[in-house]
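Below sits a lone chain in structure tokens, taken as the form predicted alone.
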């Protein structure tokens, strides 16, 4: 399979016929296009006056030609004209271009608007089912890479155009521009770029003096208030930013007039930019040292800052190019590994899991609080581990704590440590798990099992970044990312006063909800394939897969124990099968004894989630002779949680 990119440039050249592109790439037209070519995945991204087509195909050269022919046919534009304006990239070039677009990398700087449009178009393509595993993989890696560049490298910290440098200066002086006014005095069309930047940053008002033919259109596009020359000094007395592009008009501001105007301003800051043609005017003749809080810059000043920033920008861009090359190489390895539905330790083909992978890519490199919820066995720990693996803390510790498996009396000591003599049996100082996780990540599973007293201590750490070992008077300042998970409804617990509201909001900044396996059946066979390979290698056996009957049973079963139960079933089947293919006889009785999704006693489709959980726990306890350790392992919960659920559901031996 090959990724290719076809770009058609200068669409305005074909106006008004180029308007047909909207008709061509309607869902109906794309379906027709996919039927007429061997394209398996497809994504379209308008790019200013050009349009990009990303596609996966077996025959990139042939498919690109077919694209142009179909476009020519429907738009009534001559094929030769389209061919002259088209550009074709294959494989590495196409993938690199895609990743650069994901980062928002242009020749000069980050283009935030273009990046947002690129992502919105991709979301639409995914909604239409045009994209598949390859473009999804590139998109997820692109999201992760974009965050790395933003957070770790800060690519756009150095403005590399004059208008961006101007905006940086304005931001340093005024901060938010929403309550500020800009006065633009120009007979030079170059002013529009600066006005656009001001508008994008949300400046309060723009006053505009210009004799340009395009002045009326510029005023309308950016809601600028046109003024006349006799109102110039009055506008200046109210403005916070002045941009002068014209030498004669710059001369209008003489010292006496300025002094009167600035007196009215009462020392309010004024950013004054003289953006005259290069060489016309090196520096204003006005002595700005007489005026307090007036910041004066010339075009040459801005260009000097741009040149310095470009040097740093090129260094960072070189690092970004190297990262992109690594991602391209990793993509090829992934394509040939046959693990098409994997991101880190997360495996999933279904739409919900693809969105979770994208979320992980987006938030992994931040330190934002994350709460992962879902039924037992859905893979919450794997999500947390993947977040850690894709974070800036990847070289540090990832420590897992099951809050439901540690007795309440020991939990504080386990988490925060203790000093010698703190309690009976404390024969020596002990480092807590939070201290062991310093600079890394700690994953607190079953956070809903934590007592209110411990919740207070956890909240203190989240607020202050410090812990106090049991029996100590000293605190430890630590840097630990905390990820939590639960299979309980913490919102309900808050209303019942069994979980602190302030802690809940602190933990639940980003919530990732993992759907149960029964609601994402597309993930069952990819997971089976993964576990099959894992346990075949561990058991030194060669097992190629499942026969059709075994697949059917796997797909029909409801998996109340979710991924953990599925893994247990595959491990068992690998151990029992005498051949190279798993059959129904190798599967657990729960799958073969007529317990598919709609065949539980009492009709599962009419049962509540609690009834399903009760039935599953009771069945596992019976099947495994009430071996609590084995059942907690299969369910992925602690003993305390198991006993609580047994009591809640009145399950007894």
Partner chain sequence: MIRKWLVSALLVHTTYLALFTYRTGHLPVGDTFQVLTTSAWFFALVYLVLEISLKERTMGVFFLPVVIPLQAISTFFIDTEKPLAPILTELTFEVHVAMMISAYAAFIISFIASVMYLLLAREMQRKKLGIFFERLPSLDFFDRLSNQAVNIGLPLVSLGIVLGGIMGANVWEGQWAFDPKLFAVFISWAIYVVHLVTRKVMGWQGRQAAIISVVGFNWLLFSFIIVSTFFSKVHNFQ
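Just so we're on the same page, rigid core means the largest C-alpha set that superposes within 1.5 Å between forms. Positions refer to the first chain, counted from 1. Keep in mind it's a predicted model, so treat the numbers as computed, not measured.
The protein also exists as the form predicted in complex with the partner chain; that form is not presented, and the subsequent description refers to it.
### Task
Name the single residue among 124, 530, 174, 505 that comes within 4.5 Å of the partner chain in the model of the complex, judging by heavy atoms.
Here the answer is residue option 174.
### Message
If the cut-off is 4.5 angstroms on heavy atoms, which of these, 423, 295, 79, 332, is the one near the partner chain in the model of the complex?
### Response
None of the others qualify; the residue that does is 295.
### Query
In terms of non-hydrogen atoms within 4.5 angstroms, which of the given stretches 184-192, 443-451, 394-402, 299-307 touches the partner chain in the model of the complex?
Going by heavy atoms within 4.5 Å, the stretch is 299-307.
### Message
Check residue 579 for me: does it contact the partner chain in the model of the complex (non-hydrogen atoms, 4.5 angstroms)?
### Response
Judged by the heavy-atom cut-off of 4.5 Å, residue 579 is well away from the partner chain in the model of the complex.
### Query
Can any non-hydrogen atom of residue 492 be found within 4.5 angstroms of the partner chain in the model of the complex?
Taking the distances in the model of the complex, the answer for residue 492 is no, it never comes within 4.5 Å of the partner chain.
### Query
Do residue 168 and the partner chain share at least one heavy atom pair within 4.5 Å in the model of the complex?
Although the partner chain is absent here, residue 168 would touch it in the model of the complex, with heavy atoms inside 4.5 Å.
### Message
Please determine whether residue 267 contacts the partner chain in the model of the complex, using a 4.5 Å cut-off between heavy atoms.
### Response
Contact with the partner chain, yes.
### Message
Relative to the superposed rigid core, does residue 129 relocate between the shown form and the other one - that is, does its Cα move 2 Å or more?
### Response
No; residue 129 is a residue whose C-alpha shifts by less than 2 Å between the shown form and the other one when the cores are overlaid.
### Task
Once the core is aligned, please say if the CA of residue 201 is shifted by at least 2 angstroms between the shown form and the other one.
Result for residue 201: yes, a 2 Å-plus shift.
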